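One chain follows as structure tokens, the form predicted on its own.
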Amino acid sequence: MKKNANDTDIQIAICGSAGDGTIAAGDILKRAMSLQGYKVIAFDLYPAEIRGFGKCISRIRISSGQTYSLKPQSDALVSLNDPHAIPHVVEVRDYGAVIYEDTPMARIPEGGHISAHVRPAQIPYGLGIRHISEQATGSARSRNIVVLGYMAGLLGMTRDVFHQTIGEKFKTKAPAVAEQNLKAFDAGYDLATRVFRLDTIEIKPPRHTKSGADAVMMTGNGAVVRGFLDAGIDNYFGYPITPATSIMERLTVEMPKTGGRVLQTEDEISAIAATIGAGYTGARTATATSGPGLALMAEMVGLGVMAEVPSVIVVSQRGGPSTGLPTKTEQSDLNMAVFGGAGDAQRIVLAPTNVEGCYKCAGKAFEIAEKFQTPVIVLLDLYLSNRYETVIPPKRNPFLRKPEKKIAVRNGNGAYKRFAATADHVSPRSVPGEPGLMHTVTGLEHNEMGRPSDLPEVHLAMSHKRHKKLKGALNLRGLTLCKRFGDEGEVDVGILGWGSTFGEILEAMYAAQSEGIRCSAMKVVMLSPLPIEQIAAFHDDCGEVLVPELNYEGQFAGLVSGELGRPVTRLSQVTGAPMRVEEILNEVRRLSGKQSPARKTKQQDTGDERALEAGLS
């Protein structure tokens, strides 16, 4: 990826405790920069406790060109809570800024203040954040907005856009709330303009400032909601679970405006049962959950497969197993999404790689479910669900609002065969109440009429039908099932990825190319059925194939190598955080011969031993 000398590419991290307004300050920053036409990627980390004093971090990458992931190091760190921010000082690059409170209220122990941890190559900016807030607003509650204004003034950001964003942020509050926050922002901004600074962090105009008016800051979950609405969703049934809850919350506000219905059920089993029941009637219906919820839904998903009923299930993965790590990201539910359930119950699984992809997959999932009469799982993770990106929505709705093919009528005077064998293995479907099309639907194996049958030839024929019809999904139009990037033809290393990790994969690929390594990357969106022909062709071109993913077992690597019958190199991590670009790049270097394999192995073994010792201590 070529960088223009006039590009802006900075990353700011704001760190504080729950209740400090860390996430709110980050939200204002990313929205203000997006309005000006910058590309923005942002991701917030917060504690698992519903109400507590855990660490919150908002990281925002602001660029005038296209980027695909957060940077491994930030250009500036803002501390609203020193004990939480101190461990992140090392993540600030050389000549980066560290902004902090320099007039603490109480005596602190040696080494307890962040100034003691700022490295010689970093630039410290201390100010009396609390005092400035109290002078401007009469309260210390606006510390987060004061320091946001200070950063904006320090970097020469446009004041008016922040005023507009703050006004929008607090427009539902009493007018005095917005006024107080504007005072706090201006107090910080004015102070920063009088501070001598080194020009080590620069904000330059974006390449296309006019795109700011069209761009929307959107999370993956927000994009799912928009995709559902544009596709004409009729019903949503759900039960709250992190990190999928915001999908239901937003739909609860938006769906009644168009006559849609949202129902919070008593548990995940009820949610999927209602979803399949409504899908049986011909309604476009969806639910959303995370790994623990999908585990509860497994039996009913099998019913949807057996009864050939369309339904859409969004799964946002988090750390597991069991309750696991509710507020940490992971990609460890792939096996359950593809294989989970009793018997041979293949279903269609899509895994978008960015926020725009969440929109496309969510909206397209209804068409796919109806076309192939099956449950469709859209597989996200916490990183993608909560990650903000600058997205320019399509000017025209790209989704079919009604089923592509209206349900078939009975042939002549013969009985209606709901599960009839056809050339494309998709049977003529009817919905309850259509005259002359009465039929049986059951979770038992059945014949073409839908009547239970345990004859071997019937079970074989129906199993064949249920699997073969899904192969047609590999010929879908209007949705990218897989795509190759980077060098064409034979390459030293190919990186194969899925889901949210693909942004880091792309950044690593471009970095490898800049070092003279022939490198390509392929993203796979359709995880079931797997586009194995395209993956095999990619594998043929690669001297080595690397599969980075956020799970311990290397689930996608196992899926691909099992289908291909060929080896791949696994790079599996379960840190609860997005994968780092440098870690992928180091493995690409090793595989290409740019780094000694023996040295790399020794370093990796030592790192594993240290991690194990730390976990046991």
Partner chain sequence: MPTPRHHVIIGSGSAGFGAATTLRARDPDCRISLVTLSSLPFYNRYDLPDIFRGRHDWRDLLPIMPAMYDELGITLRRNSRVVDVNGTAQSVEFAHRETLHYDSLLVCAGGRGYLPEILSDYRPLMHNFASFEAAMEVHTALPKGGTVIMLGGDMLGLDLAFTLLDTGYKVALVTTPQTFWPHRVDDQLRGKLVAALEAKGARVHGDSAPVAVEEGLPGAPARRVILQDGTEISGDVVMPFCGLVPAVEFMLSAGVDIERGLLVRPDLRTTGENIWAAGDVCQIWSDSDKEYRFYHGWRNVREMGELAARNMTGSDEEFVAEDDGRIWLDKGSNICSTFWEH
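This structure is a prediction, so every number in the text was calculated from the model and none was measured. Numbering follows the first chain given and starts at 1.
The form predicted in complex with the partner chain is left out here; the points below concern that form.
Looking at 348 to 356, 117 to 125, 508 to 516, 314 to 322, the stretch with residues near the partner chain in the model of the complex, meaning non-hydrogen atoms within 4.5 angstroms, turns out to be 117 to 125. For the options Ala174, Ile108, Ala536, Ala421, the residue carrying a heavy atom within 4.5 angstroms of the partner chain in the model of the complex is Ile108.
Though the partner chain is absent from this view, in the model of the complex it lies within 4.5 Å of a heavy atom of just one residue from Asp541, Glu134, Asp102, Asp230, which is Asp102.
When the partner chain is considered in the model of the complex, Pro87 lies well away from it, no heavy atom lying within 4.5 Å. When the partner chain is considered in the model of the complex, Pro394 lies well away from it, no heavy atom lying within 4.5 Å. At a distance threshold of 4.5 angstroms between non-hydrogen atoms, His113 is in contact with the partner chain in the model of the complex.
The shortest heavy atom separation between Thr200 and the partner chain in the model of the complex is within 4.5 Å. Looking at 370 to 400, no residue comes within 4.5 Å of the partner chain in the model of the complex, counting any heavy atom.
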